[in-house]
Each structure stands twice: as C-alpha cells, then as structure tokens.
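One chain follows as structure tokens, the form predicted on its own.
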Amino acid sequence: MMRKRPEPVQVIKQRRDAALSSLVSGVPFIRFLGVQIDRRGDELTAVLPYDDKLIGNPMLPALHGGATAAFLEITAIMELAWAGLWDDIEGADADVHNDDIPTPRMPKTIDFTVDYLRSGLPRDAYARAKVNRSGRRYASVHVEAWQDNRSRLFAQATGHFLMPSREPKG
C-alpha cells in the first residue's frame, strides 16, 4: 500500500494564509479598526496598529475602551472561527484548493466581559485568545491584550459564544 505523498510546506502555508485572509476580509469592522491577524502554525495573534482614531481621551491620551473591547472580541471570534476552519483545511479530507476553502459561519456573542487593567497607551496592541471550551452549541474564550510587555496586560476578557451549526458533509 502506497502512502499519500505529503504536500509541500509552501502549498500548506498558502492554503492556511488564504483561508485566514478570507476569514478576516469577510468582516468589514475588522478592516475599519485596522486589525491584522498574524498566524504562526495554528496560533493567532491579533494586532491593533496605533491610529489617532482609536484614542478615547486625548488629554491622557489613552485607547478608547470601546476600541479595546472590540479588539478583544474580534480576537476571540477569529480564534473560534479559525479553530473551526482548521479541521476543514487540515483534516483527513483536506484535499482542498484555495478556491475551495469554505467560509465559516461566525459564532454569535452571548456575553462578553472586559477587565480594563490599565490605560491602553497610544501604541500598537496585541492580543491572543484561548478557547477554554468549545462544543457544538457553545464556546467559552479568554482573551488577553498587551502592548510593549506580554506580562503587563492592559485588558483581558472572557466571552461566551453561540456556535453556528455545522452542516453535515455530504
């Protein structure tokens, strides 16, 4: 029995990047805020590049709490969507091409609680999410955001999401 020859790593990376790009470009609010998603393997880091429009109080100046909350929520939703998409592009039946990458239905927010730990400075911000639980109908995600120092968080959040139903493969 012949084993299937593995794909070249560049083909796999292109497929992953195309899937992530498709996922991010499908949400206009992500483009409005300028959020970028950096992928390393299956790990995502969201980047919120500094922009004057993100400042809430010009006297401090500090990032607006709404921009911070939106950044954290985007990070959580992208992590959940990416985790769901990962099985489709990396699974046993991953014989897909860039044109065949499915566009996932996005999770819907049930609740989202943000802890503002310190003022967000007028600098680039970074965030990573960790899925604590993900089932067929419900998911719980924890998100942390920092700026210059990963160990000095400026905000963290916990969100609960209603997962979209997965259509059976047929």
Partner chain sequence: MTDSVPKDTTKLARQFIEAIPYARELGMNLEEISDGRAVISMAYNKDLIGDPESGVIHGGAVSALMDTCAGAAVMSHPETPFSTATLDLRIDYMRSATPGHAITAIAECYHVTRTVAFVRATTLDEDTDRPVATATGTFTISRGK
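Positions refer to the first chain, counted from 1. Predicted model only: the values in this text are computed from it and were never measured.
A second form of this protein, the form predicted together with its partner chain, is not displayed here; the remarks below concern that form.
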In the predicted bound form, segment of 39-47, 120-128, 137-145, 106-114 with a heavy atom within 4.5 Å of its partner chain: 106-114
4.5 Å heavy atom contact, residue 35 to its partner chain in the predicted bound form: no
Partner proximity in the predicted bound form: residue 73 to its partner chain, non-hydrogen atom cutoff 4.5 Å: yes
Exercise: residue 81 in contact with its partner chain in the predicted bound form, heavy atom 4.5 Å: no
Any non-hydrogen atom of residue 57 within 4.5 angstroms of its partner chain in the predicted bound form: yes
Any residue of 9-35 that, in the predicted bound form, places a heavy atom within 4.5 Å of its partner chain: 26, 27, 28, 29, 32, 33
